[in-house]
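Before any questions on how it binds or moves, here is one chain, the form predicted on its own, in structure tokens.
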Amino acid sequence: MKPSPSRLLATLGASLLACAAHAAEVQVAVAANFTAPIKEIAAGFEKDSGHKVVAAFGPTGGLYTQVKNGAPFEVFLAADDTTPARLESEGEAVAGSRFTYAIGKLVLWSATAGRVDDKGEVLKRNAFRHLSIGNPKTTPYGLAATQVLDRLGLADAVKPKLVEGTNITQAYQFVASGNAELGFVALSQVYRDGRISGGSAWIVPAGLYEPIRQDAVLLARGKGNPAAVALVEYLKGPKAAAVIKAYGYGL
């Protein structure tokens, strides 16, 4: 005997309610350099878990300030390892939840093909008007850029030509728009499927700057949220790792 349409609808409705009861929303603070990867990771996570990711993007230092001022973030994906550790020590994050989800890589990039050579000699020639970097006080990639210039002995020579973005996204936009001929940005911003997606670039040797260890942490507000806990675990898994690697990060 076939069930009646009304009974089918009732069963479907009960199933949907059960799914809704188990689904939750997680508020995530994400360092600007990780904007594109987290969008892909979130899509897979939402499909697999039924939970919803609501992400806010910005410089790590700025996001830290928001957390301290009571922003409702439950997971924090920083562009360094010191900020999550600081939040943990201050009681703003769950002790023991911190882990490195990616190793960032710095690249000198121009939107113009052929402008940047594969050894970064363009910096020594100094034949450009503007060099874009992220604010070194709030963005780990900006700090890494200053370390590179110091170690190459070029800090004083290029200082008058530096233009600072409030975050690494703005530093990238200065170059992409042509307002700066070249700039130090995150490799993830210009890297797709194993190669630089456009323009010209020098992937900066890791020995020229301190490692950019990007740590994630479960914030105190997320401790009781199953979606927050599930996202942290998902970030450690193979599906997230594949996306992270595809954007040029180290693991």
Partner chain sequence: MSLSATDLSAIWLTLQLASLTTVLLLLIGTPVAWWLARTRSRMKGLIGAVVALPLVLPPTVIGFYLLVTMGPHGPVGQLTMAMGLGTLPFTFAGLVVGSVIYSLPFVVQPLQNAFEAIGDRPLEVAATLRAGPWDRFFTVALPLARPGFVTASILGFAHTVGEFGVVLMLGGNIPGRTRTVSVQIFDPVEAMEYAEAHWLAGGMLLFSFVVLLALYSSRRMRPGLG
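Remember, it's a predicted structure, so these values are computed and weren't measured experimentally. Residue numbers count along the first chain shown, from 1.
There is also a form predicted in complex with its partner chain; it is not shown, and the following applies to it.
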None of 178, 91, 153, 72 but one has a heavy atom within 4.5 Å of its partner chain in the predicted bound form; the exception is 178
Pick from 39-47, 25-33, 54-62, 214-222: which stretch has a heavy atom within 4.5 Å of its partner chain in the predicted bound form? 54-62
Can you work out whether its partner chain is within 4.5 angstroms of a heavy atom in all three of 130, 137 and 163 in the predicted bound form? yes
Can you work out whether residue 101 and its partner chain are in contact in the predicted bound form, taking contact to mean some heavy atom pair no more than 4.5 Å apart? no
Residue contact check: residue 115 to its partner chain in the predicted bound form, 4.5 Å heavy atom: no
In the predicted bound form, does residue 170 have a heavy atom within 4.5 Å of its partner chain? yes
